[in-house]
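To begin, one chain is listed below as structure tokens, in the form predicted on its own.
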Amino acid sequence: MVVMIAGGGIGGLSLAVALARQGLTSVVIEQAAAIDEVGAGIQIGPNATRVLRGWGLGEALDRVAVTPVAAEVRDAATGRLLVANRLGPAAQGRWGDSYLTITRAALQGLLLAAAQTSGRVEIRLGHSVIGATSDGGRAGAALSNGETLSGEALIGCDGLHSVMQGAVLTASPPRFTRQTAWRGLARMPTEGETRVQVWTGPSRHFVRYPVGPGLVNMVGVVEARADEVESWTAMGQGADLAAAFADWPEPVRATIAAVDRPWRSALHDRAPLTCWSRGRISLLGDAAHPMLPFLAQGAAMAIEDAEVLARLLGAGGAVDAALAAYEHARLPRTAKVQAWASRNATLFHLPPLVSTGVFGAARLLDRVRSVEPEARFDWLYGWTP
């Protein structure tokens, strides 16, 4: 079996690695001249970490990733701790694997190396899939250089602006969420930096966490009226970023001051799709279920997708039935994650008094139910394929 994969990002490479683990061959078609991830940091929940370990990447992952001991949400106006969730050994004990932070480049590098050394993955650079067909028990991919490839299945891993989506259903443009995200890597001391921090405030919030020695990832999100470009590579002005958070707590301002070059882009998403498979064609990751970054699960969902799809294709049954089963298994879960991420977009931008009340009510409910705050994430991080 040959599976064609449109897109060589984290989702596409994850699928290639997962298929290779099942003994299947794939061709990754990537429009860039080189697979060179841009962007800043990424969080990997235990639900995705256990999949990566299952692919044999555990030791390499532990060498380059950071294991934070907690995730906390603080009110930017007062510095008050609103909620804290234990990670580190507590995550390992509760969910069976680690919660990690890492640079996107490092994660993509691990996946690329695993794909290249598997002996089952061909990577074709400098071309994109511009058309797709599914007939006669085969899938076809029309490439931008005029070539046509054929295989048993074609999976679109081509992101938010997926061309492949149009081969499955009537594609609609992504919706602007009226939010702009600043991303960057701050070079600053990280000794004692062991937490993921979210600072909340009216109409904006700020996230920071270590991703390596002397390296802290930052994401600043500001509500905006004007629709802007959606791109990982669009550069912003450091002065504009600093001005957006000028009156925020010192850890926020110090992180911004240490960023060499911030990226700036508008945040877009889509409503959950009703389907993402047709015949021998299907979608994966952001092409199927783009989501806001406020649950830190975009990459994790693509990794989960890859493992489920590879297992179903590796079972040896009919390909179109496997793709339909994959959609049936994944659509409800990814839709729930999309909804939680959108909810957090509101939760992180509440006025201080409202925010204090909402988080206080959640803590009270936990005490009444005699559950730990981490329990609300059991459905997410406790997932196993």
Ligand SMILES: Cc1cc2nc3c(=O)[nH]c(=O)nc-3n(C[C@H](O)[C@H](O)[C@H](O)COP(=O)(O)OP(=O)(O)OC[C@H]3O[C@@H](n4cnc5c(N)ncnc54)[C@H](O)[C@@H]3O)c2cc1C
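No experiment lies behind these values; they were computed from the predicted model shown. Residue numbers here begin at 1 and follow the sequence given.
As for the form predicted in complex with the named molecule, it is not shown, yet the points below apply to it.
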Single option in Gly236, Gly201, Pro210, Gly159 placed near the named molecule in the predicted bound form, where near means a heavy atom within 4.5 Å: Gly159
Only one of Ala186, Leu267, Leu112, Ala91 comes within 4.5 Å of the named molecule in the predicted bound form by heavy atoms, so just point that one out. Leu267
Residue-level contact is defined here as any heavy atom of the residue lying within 4.5 Å of the named molecule in the predicted bound form; does Pro262 satisfy this criterion? no
Using a 4.5 Å heavy atom cut-off, state whether Ser134 contacts the named molecule in the predicted bound form. no
Considering non-hydrogen atoms and a 4.5 Å limit, does the named molecule approach Gln297 in the predicted bound form? yes
Exercise: Gln31 in contact with the named molecule in the predicted bound form, heavy atom 4.5 Å: yes
With the distance limit set at 4.5 angstroms and only heavy atoms considered, check whether Gln43, Val129 and Leu284 all reach the named molecule in the predicted bound form. yes
Quick check for you: of 121-129, 311-319, 146-154, 189-197, which stretch puts a non-hydrogen atom within 4.5 Å of the named molecule in the predicted bound form? 121-129
